[in-house]
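In the form predicted alone, a lone chain appears below as structure tokens.
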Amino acid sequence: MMGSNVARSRYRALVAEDRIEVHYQPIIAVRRGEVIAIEALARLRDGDRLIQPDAFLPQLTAEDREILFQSVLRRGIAYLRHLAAVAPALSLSINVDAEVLSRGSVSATIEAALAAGSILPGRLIVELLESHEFPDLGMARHELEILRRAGVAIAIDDLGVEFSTLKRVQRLPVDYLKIDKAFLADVAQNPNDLVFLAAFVTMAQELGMKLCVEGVETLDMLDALRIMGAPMVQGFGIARPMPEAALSSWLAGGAGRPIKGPPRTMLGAFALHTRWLRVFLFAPNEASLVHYLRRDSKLSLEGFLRRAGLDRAPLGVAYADLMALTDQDTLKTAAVHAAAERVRVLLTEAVIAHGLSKAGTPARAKAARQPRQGIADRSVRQGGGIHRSDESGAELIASDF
């Protein structure tokens, strides 16, 4: 392994020589079931070795990273033009860190690149990375305001990992929030992590911002986020970052169709009960909300438990007890709360016992060993929907609930 100084010099030389490759990862609009954007991700090519950004980015100066940004931007815009026949409305998401943004030339660079490529500003999303603090916050705000006036969208990346990202939501003109993959990383053992994601979904809605959840690696995660109402998702369960030729084939390879409906996985069922609880806890004595708590509501788990053969299991029995309480003319709030908590505990146990990805998608530990196009590369497509068939032929498609 190269020493740190040698490695730094080599990485900087590769950037200066434009030995840069761009891989692209799709971003899915869950309700419509289609690919709406691709995130451009830089790699460095050193002979046969492809170097990942977590290795080289910390070794680069602000000047190097600005050169990198310019190269990725130029290549990404050229690729959007190339995709015009198969994806004419696709957006491009590109990363920039705070230090580069504060240098004051990003907006001019972007406007010139968009004009040269004949790409509308509304098709570009600039993602602010957590990697650096702003040397000049005023300059950064000025740059972002120029871009937003031009029609470029601004996203905060990795929301929730550092407190500073939450502060940036307050201090900067922002259109998108991207939730860090850490919030889904342990969901198989801690399904209550979905509660935090639900809070982010609500926060984005109240702030009038668009939201994307990163780190979606399994069908179970996709199902749960669909049920929770997450508008956009990204991750290995959709597709891994891939070079241009692979992505072009992937986009042109077919389309699924979005569907509506109840959960199809145990984690999806947990997400639905989380929604039920949010309605109940919001206003347990509000008459206008009571119908959402009944067994015939679309928030009910009764059908799922019956189809899964769990209606006579402890979970199904506990849920029947809960529904019996909500069917009464007057809710006994304390009793309903206790029964709902019992269901939540049993659902948590069921998610942990069931594990993720029983329907055929590799779990997180196996995901890292998949080919670069990703877990769902043969089944998630642009334009028509998100679908994948499991081993028994059952179809799971992400769309609105």
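None of these values were measured; they are calculated from a predicted model. Note that residue numbering follows the sequence shown and begins at 1.
Form predicted in complex with a small molecule: not shown, discussed below.
The small molecule is not drawn, but in the predicted bound form it has a heavy atom within 4.5 Å of residue 95. Using a 4.5 Å cutoff between non-hydrogen atoms, residue 158 counts as a contact of the small molecule in the predicted bound form.
In the predicted bound form, no heavy atom of residue 66 sits within 4.5 Å of the small molecule. Interface membership of residue 215, defined by any non-hydrogen atom within 4.5 Å of the small molecule in the predicted bound form, is confirmed. Of the residues 280, 236, 176, 270, just one reaches the small molecule in the predicted bound form with a heavy atom at 4.5 Å or closer; this is 236.
For the residues 350, 336, 41, 29, the 4.5 Å heavy atom test against the small molecule in the predicted bound form is passed only by 41. Screening 342-350, 58-66, 328-336, 33-41 for residues having heavy atoms within 4.5 Å of the small molecule in the predicted bound form returns a single hit, 33-41.
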